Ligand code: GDP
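This document opens with one chain alone, in structure tokens, the form predicted alone.
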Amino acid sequence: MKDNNNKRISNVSTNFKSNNKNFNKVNNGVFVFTRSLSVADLAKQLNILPSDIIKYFFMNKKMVTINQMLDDDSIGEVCLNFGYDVKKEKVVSAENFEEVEIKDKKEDLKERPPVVTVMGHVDHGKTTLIDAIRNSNVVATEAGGISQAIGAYQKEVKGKKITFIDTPGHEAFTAMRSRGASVTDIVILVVAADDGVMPQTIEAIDHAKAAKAPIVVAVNKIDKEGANVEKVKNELMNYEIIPEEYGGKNIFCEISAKKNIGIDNLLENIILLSEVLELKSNPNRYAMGTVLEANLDRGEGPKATLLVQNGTLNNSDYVVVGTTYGHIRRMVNEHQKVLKTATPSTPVSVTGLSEVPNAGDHFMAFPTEKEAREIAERRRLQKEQVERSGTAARSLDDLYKQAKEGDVTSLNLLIRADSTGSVEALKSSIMKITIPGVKVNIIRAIAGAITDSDISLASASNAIIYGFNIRPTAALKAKAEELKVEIRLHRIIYALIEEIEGALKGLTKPELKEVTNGQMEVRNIFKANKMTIAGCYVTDGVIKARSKIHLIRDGIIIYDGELGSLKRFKDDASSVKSGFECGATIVGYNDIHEGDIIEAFEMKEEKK
């Protein structure tokens, strides 16, 4: 490859090691290792006898054999005893390039533009603000069609650039994060001054916090009658968004996107915050970054919008993008201007890929086509293997295994409960769990039924959803299964707490698990002999006669009991499958309403 920037550093040669080799070595009195070692292997590396190590452990009242594998702590003990310092290095293979930790020299780092995403409740002026910023960035002849050409753009403020990413909202933002694409440096939270904090405002805050991105609040519509900026500030403080003038860390800017009031001040504050954050990267290496969007163009073939996050991308580079690869034929910015190079924080649209990648995929440039093709193929095979094995986001079983191996450092939880009181009780109890070296993070805890947004956030944040006295719909269960999000449901607080604590300690696993067999929706109500008969339609699974049931109203469990009679037309039925109607009663309970959900379940013992 003819490199337009021959000073670029190869990410592969400086940051990757093969998975097939061990790089254990002694260097200047420091033993560097990459994995667990047997007594024999460690002795060979340290140039001592295996019997010396066995004797050391015997003198410390621990019996080991020559082939026994030693954990990190034991390796450290031996090294220190025999006069070596010790260091463990993480081995990253080339096909897992997104995991590499790049360590650049301080003098190689250069300032880069901040990457900003605008979020907020519907109708609060998010789109109007984006348009106001975008239109002030282009001349009249370029104003049309920019968002169609590329899903990101740059604005220059006092000689410094800001990169804005167009997203439909926090769902798209979350979908990218669920693939590990943390692209946003700063979030602008738009809140209407005449409306205040709304449900989607809270969700946007949760997603921004999960991304660990600082939040700048744009209080919009200050020109409207009924605007109350102080009310907005007070409401946001309930969600730990505190203005700087009140001793907090959040910048608040009063704007009117429609009348173009306060936009310049907002942009200047973004520049100021980016300087405080000291956003830097090394442009003199092969580019790494994230796919913002991708599509199949009828004329140009696979096309992708890439955000360069580190290094410099050249218009002739070979790139691996997700599980595909290509040779960049054409690279343009938001104005359709052809570029030869793209430096950090620059969004570009490229052609030349072999297939259409996914939004949120990572990419990296490589020196040769052979290297890019081989790595892309290994990534494709790796992805297929993961999909076949059903690897999911963190589940309780994963947590248990990790705790047994001493690998758990944090647990993200999302809590839903039937009432505010239950939420507070759960939060208080969970935060009292103290396991050395483990931190429990509650990323959302609110009353009400589990929502679509909860599942998206849990997927993006690698969280487990805990529901207390509530039940998700069949559609939400299906989405959770698709995104590999685990939902744990409980009726007793202490049982929920014990489950979390036991899993974190790696000591216990739940023995009984509630398994849902089916759900049916109540569509008609009939009264007969002082008994309520529910005319139902089975929406999911199979409903069996005499099943244990939950009666669910608006996502909240209002009664637990047992199914009484189950009929198809006038005949008794032993079971009714999804897609069929039936009549049913609940033993000893008649307060059934149209729209209620009857969920049949059974308790099954989990395999140890």
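Residues carry their position along the shown sequence, with the first being 1. Being a predicted model, the structure only gives us computed values, none of them experimental.
Below: the form predicted in complex with the ligand, not depicted.
Taking the pose of the ligand in the predicted complex and superimposing the nearby C-alphas onto this chain, the site is open, with no ligand atom within 2.4 Å of backbone or C-beta atoms. Proximity of Ala257 to the ligand in the predicted complex falls within the 4.5 Å heavy atom cutoff.
Though the partner is left out of this view, Lys126 does reach within 4.5 Å of the ligand in the predicted complex, counting heavy atoms only.
For the chain shown alone, Lys383 is not a contact residue for the ligand in the predicted complex, no non-hydrogen atom being within 4.5 angstroms.
Using a 4.5 Å cutoff between non-hydrogen atoms, Leu483 does not count as a contact of the ligand in the predicted complex. Only one of 362-370, 451-459, 126-134, 486-494 lies within 4.5 Å of the ligand in the predicted complex by heavy atoms, and it is 126-134.
In summary, among the residues Asp223, Glu240, Glu268, Glu98, the only one with a non-hydrogen atom within 4.5 Å of the ligand in the predicted complex is Asp223. Checking Ala478, Val122, Met531, Ile446 against the ligand in the predicted complex, a heavy atom within 4.5 Å turns up for just one residue: Val122.
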